[in-house]
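Encoded as structure tokens, the following chain is the form predicted on its own, with no partner shown.
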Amino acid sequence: MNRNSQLTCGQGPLDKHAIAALIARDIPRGAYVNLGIGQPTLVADHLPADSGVVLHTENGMLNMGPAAEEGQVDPDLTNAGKVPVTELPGAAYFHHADSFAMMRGGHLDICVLGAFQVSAAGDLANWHTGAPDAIPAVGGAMDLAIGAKKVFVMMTLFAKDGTPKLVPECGYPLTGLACVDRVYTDLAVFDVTAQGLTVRETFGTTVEELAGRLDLPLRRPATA
């Protein structure tokens, strides 16, 4: 995919690995980044070896590497989701409280989080659906949502029942208000701006089709 492309209607929808690769493409060299539990951790596997990106984990590690493959697994070396990972040269370990101080103190350039819903204003709902049998689990998401300089969301655009996850207003309990900067999905990438949602790229669909399905006003980038 062309790094400089801003609006394409390529083959789609994307699978989770293709979305992760897309996010990895857009992370600046040398950035300090936290990858949320679940699908966002796949981004680590798509970062170029020479990217200089330093991955931070909530459980107390800097310079995390890709997921551990067979023969590399160290049971004491995991990410916040308890998935075995590798370490890169210069990796450092620290107390859980220090890790949260980094998150809350504005020391992370980007965090990548999953979501149940994102509103057109950039509100984030990713810890509880409100269902009686659901187990709420906010973890460090609220700290990352307000502490990181930029918040990227990785999710499918529609839920299993076909309802949009990019909505005018979130119906689920909120994690953070107006905190999301960009949303990466299987059908499109959206920037959340003061003027509304801007579609950067589409995959197997068009802006017009998405606007009809989402019932949201969508903008094209000024350079398109």
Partner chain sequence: MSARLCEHADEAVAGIEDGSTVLVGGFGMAGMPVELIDALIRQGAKDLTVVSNNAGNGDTGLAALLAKGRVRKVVCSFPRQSDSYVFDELYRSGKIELEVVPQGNLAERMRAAGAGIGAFYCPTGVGTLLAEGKETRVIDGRTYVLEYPIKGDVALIGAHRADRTGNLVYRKTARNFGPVMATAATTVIAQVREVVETGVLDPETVVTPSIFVDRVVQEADRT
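Predicted, not measured: the structure shown is a model, and the values here were computed from it. Numbering follows the first chain given and starts at 1. C-alpha atoms forming the largest set that superposes within 1.5 Å between two forms make up the rigid core.
Same protein, other form: the form predicted in complex with its partner chain, not shown, and the subject of what follows.
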Exercise for the section: Give a yes/no on whether Gly122 approaches its partner chain to within 4.5 Å in the model of the complex, heavy atoms considered. Expected result: no
- Query: Can Ala31 be called a contact residue for its partner chain in the model of the complex at 4.5 Å between heavy atoms?
  - Reply: yes
Give a yes or no for Thr156: in the model of the complex, does one of its heavy atoms lie within 4.5 Å of a heavy atom belonging to its partner chain? no
- Message: Does any part of Thr175 reach within 4.5 Å of its partner chain in the model of the complex? Heavy atoms only, please.
- Response: yes
message = Please tell me whether the candidate spot formed by Asp26, Leu42 and Ala67 is one where all three residues come within 4.5 Å of its partner chain in the model of the complex (heavy atoms).
response = no
Restricting to 72-109, the residues within 4.5 Å of its partner chain in the model of the complex through any heavy atom are Asp74, Pro75, Asp76, Leu77, Thr78, Asn79, Ala80, Lys82, Glu87, Pro89, Gly90, Ala91, Ala92, Tyr93, Phe94, His95, His96, Ala97, Phe100, Ala101, Met102, Arg104, Gly105, His107, Leu108, Asp109
- Query: Does Ala121 move its CA by 2 angstroms or more between this form and the one not shown when the core is aligned?
  - Reply: no
For Ala80, is the C-alpha shift between this form and the one not shown 2 Å or more after core superposition? no
Core-aligned, is the CA shift for Ile146 between this form and the one not shown 2 angstroms or more?
no
